[in-house]
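What follows is a single chain, given as structure tokens, in the form predicted alone.
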């Protein structure tokens, strides 16, 4: 191993090795991590501290990310035993179409085409996801004691919180293809066509061993006594309820909505599991920002902390957009003239409609006046020194002065 490490340490393209390791570690393999750790130890033994530190940071970053993930989720070696006689779905399977427009009513997504990781949710949400997935993976044991697995899941929360990603990830863990339907796309202006589209969609999904994902679920599942809705929507909701009843025991159904308050009460009763996905808390925002910055060194953590503070109340998707904009702008500034805090303030001001007024008030202060309120929010002297490109002594003096 030492010889290998010595050859690696002299490689002109060692950064490519670190990039490969970063990608590979994303698959969360314990054996891979062990081998990378052996390589780190060999590099240290050969005195190649810089290369060893680069790989160690990748390992540490992976460890931090997995701390927030469920602890026992592993891909099942067997399929969940559901209804008998289901056919195998393939990308070539003909999805139903709207007879008037010929538009497809759904999209087929195969497990191998899902390249995603579980979003960073609070621990309570992770626990519920873990429990549900364990139930699906052990459906046979549940049936042995005379019970039935919970095969319907309603996921609700603000846009950009990872609902669709969660649904695709769950299907991938089960090794099952997804039939993804945006229910707003099933709506037709022709009387009766919407209900007919619903029936065609469910008939198709019930034929195959798949996970049916109903996106924009509130588009068709609205409260039936809404005075602003015509009689047609009431018939559509009734048709939706009937199709969901028929699907019981045929396969897993996951519905996604940003507007849970619009759902008809009878719809809620059709879902055995109802999962609220909140906007990320501070620690989840830090990890999301670090992923977006694609780094885990001390400077990146300081940037991630400031981005996370700025992004309070934002969704994970909005934070990723904010962090990506920051990365791009840092490529075209002179780091000696423009400190990181100034760039983050600039990016925040360009998306001010989503940023809290209290945050904008601080970021619009003169640099020297920003330090004290930021320090009161938990930023260390060292973090502030890096973010504002000044010495820690200067930070301490400005924070403590009246």
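All values derive from a computational prediction rather than experimental measurement. Residue numbers count along the first chain shown, from 1.
Quick note: we don't show the form predicted in complex with a small molecule, though the next part is all about it.
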| property | result |
| --- | --- |
| Proximity to the small molecule in the predicted bound form, single hit among 138, 165, 128, 274 (heavy atom within 4.5 Å) | 165 |
| Listed residue (192, 313, 265, 159) with a non-hydrogen atom within 4.5 angstroms of the small molecule in the predicted bound form | 159 |
| Which of 301-309, 88-96, 234-242, 114-122 lines the interface with the small molecule in the predicted bound form (heavy atom within 4.5 Å) | 114-122 |
| 4.5 Å heavy atom contact, residue 327 and the small molecule in the predicted bound form | no |
| Contact test in the predicted bound form: residue 291 vs the small molecule, heavy atoms, 4.5 Å | yes |
| 4.5 Å heavy atom contact, residue 207 to the small molecule in the predicted bound form | no |
| Residue 196, heavy atom within 4.5 angstroms of the small molecule in the predicted bound form | no |
| Joint contact, 143, 148 and 246 to the small molecule in the predicted bound form, by non-hydrogen atom at 4.5 Å | no |
